[in-house]
Structure formats: C-alpha cells, structure tokens
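Take a look at this single chain, the form predicted on its own, given in structure tokens.
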Amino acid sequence: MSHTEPQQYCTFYLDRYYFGIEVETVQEIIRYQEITPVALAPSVVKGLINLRGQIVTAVDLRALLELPERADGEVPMNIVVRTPLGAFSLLADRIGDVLELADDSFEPPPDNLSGMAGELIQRAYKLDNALLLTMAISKVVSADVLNRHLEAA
C-alpha cells in the first residue's frame, strides 16, 4: 500500500515524551473527570468515568508505558477514543496540536524501545524539535495488553 496522503494525528505528552494517535479514532478531549475505581481491574485501568451517561474505561497511559507517576496535584486530560471494543479514555499529561503528516515520512520506531512501548509504538516521526511516537490504539485497549497488568493479590 503506497498511499502517501497526509494523516492527521492528535498529539499529547506523557512525562517528557511526545505521542500521537490518529485523529479519526478520537471522539473528544475533555478535562479531568472524577474516576470511579474498579475492584480487581488491571493496574493500568484507573477506573470508570461517566461521560454524559456513557460509562467509559479510563486507561492510564503513564502506567501502561511504565513511566513515573504524575506528581501530586497534577491532573491528567482525557482523550476519549472510539474503538471496536467501545469508548476508552486515555489519560495524558497534556494535549498538543493536531499535526498533518505524510504517511511516507514516518520511520520505524527506535530500536531501543523496550517493554510495552516496543509493542505499542507504531512509527516515529522526526520533527524540528521533538520525536513524535505514534501509538496503535487497537493494541493499547486490547484485553491482552491491559490484562498483563493484573496485580497478584
């Protein structure tokens, strides 16, 4: 498939890293919402939010990528994505811009990505002042990935 039409990415930050997901998967971006914890859920599932009557699972991307926890008082933003499994809220530190990037200008992810990042990062794009890493949302919300973080009781 040699399609080179520009692709739009919703960008966001986690710790010092810059990520992007395809805009067409994003339903909306909202400020922090009250999260109701769920007993026996994987550690990366922070709980559920009520989005105008729709119950949405909140996934902490920092925990998923094994990054340090947010400092006390720092509240994440919610990136609500639509998937075949339903809506999920991805918790990000802050939101960036929407970027339009050519599909053929991406590179494979860096070789030094390990653990979950190595699995979830699709491609990298060198920008003037940052490296944008794109995530595979279908993998992020898969039961296989989320359930790997079940903590032993």
Partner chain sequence: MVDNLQEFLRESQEGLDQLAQEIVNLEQNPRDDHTLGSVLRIVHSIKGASGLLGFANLERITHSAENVLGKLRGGVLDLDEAVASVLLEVADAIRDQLELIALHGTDRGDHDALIRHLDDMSNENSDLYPVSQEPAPMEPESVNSPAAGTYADDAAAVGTGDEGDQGDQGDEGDEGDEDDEAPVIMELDEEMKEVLKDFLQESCENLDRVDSELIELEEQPDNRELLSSIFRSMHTIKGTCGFFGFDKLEKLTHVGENLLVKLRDGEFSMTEDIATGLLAMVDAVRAMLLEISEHGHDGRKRYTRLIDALSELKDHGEMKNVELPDPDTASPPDQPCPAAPATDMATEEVSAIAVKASAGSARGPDVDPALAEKIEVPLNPADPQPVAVTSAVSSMPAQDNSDPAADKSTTSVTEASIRVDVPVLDSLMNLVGELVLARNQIVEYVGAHENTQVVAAAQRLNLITSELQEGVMQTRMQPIHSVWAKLPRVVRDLSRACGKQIRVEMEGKSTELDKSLIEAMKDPITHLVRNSVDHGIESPEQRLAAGKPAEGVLLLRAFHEGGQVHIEISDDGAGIRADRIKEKAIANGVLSIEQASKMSSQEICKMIFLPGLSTAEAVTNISGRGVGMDVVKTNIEKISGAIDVDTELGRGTVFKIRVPLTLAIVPALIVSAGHQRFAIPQVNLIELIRIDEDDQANAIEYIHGCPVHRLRGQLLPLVYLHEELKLGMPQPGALNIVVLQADKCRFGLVVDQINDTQEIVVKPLAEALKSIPVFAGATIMGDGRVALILDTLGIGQRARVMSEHPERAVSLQVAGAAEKVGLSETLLLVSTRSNGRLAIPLNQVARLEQFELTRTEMAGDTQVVQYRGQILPLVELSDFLRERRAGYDVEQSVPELIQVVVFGEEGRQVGLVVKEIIDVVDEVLEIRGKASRAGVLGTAAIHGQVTELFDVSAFLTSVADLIVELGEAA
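Remember, it's a predicted structure, so these values are computed and weren't measured experimentally. Positions refer to the first chain, counted from 1.
Beyond the structure shown, there is the form predicted together with the partner chain, which is absent from this document and is the topic of what follows.
In summary, the region of this chain contacting the partner chain in the predicted bound form, judged by heavy atoms within 4.5 Å and restricted to 109-117, 39-47, 22-30, 62-70, corresponds to 39-47. By the criterion of a heavy atom within 4.5 Å, S105 is excluded from the residues contacting the partner chain in the predicted bound form. Although the partner is absent from this view, I55 contacts the partner chain in the predicted bound form, with a non-hydrogen atom inside 4.5 angstroms. Taking the partner from elsewhere, D97 is found to have every heavy atom lying beyond 4.5 Å of the partner chain in the predicted bound form. Proximity to the partner chain in the predicted bound form holds for none of F12, E74 and L131, with the criterion being a heavy atom within 4.5 Å.
Although the partner chain is not shown here, in the predicted bound form the stretch 130-146 places heavy atoms of A143, L146 within 4.5 Å of it, in sequence order.
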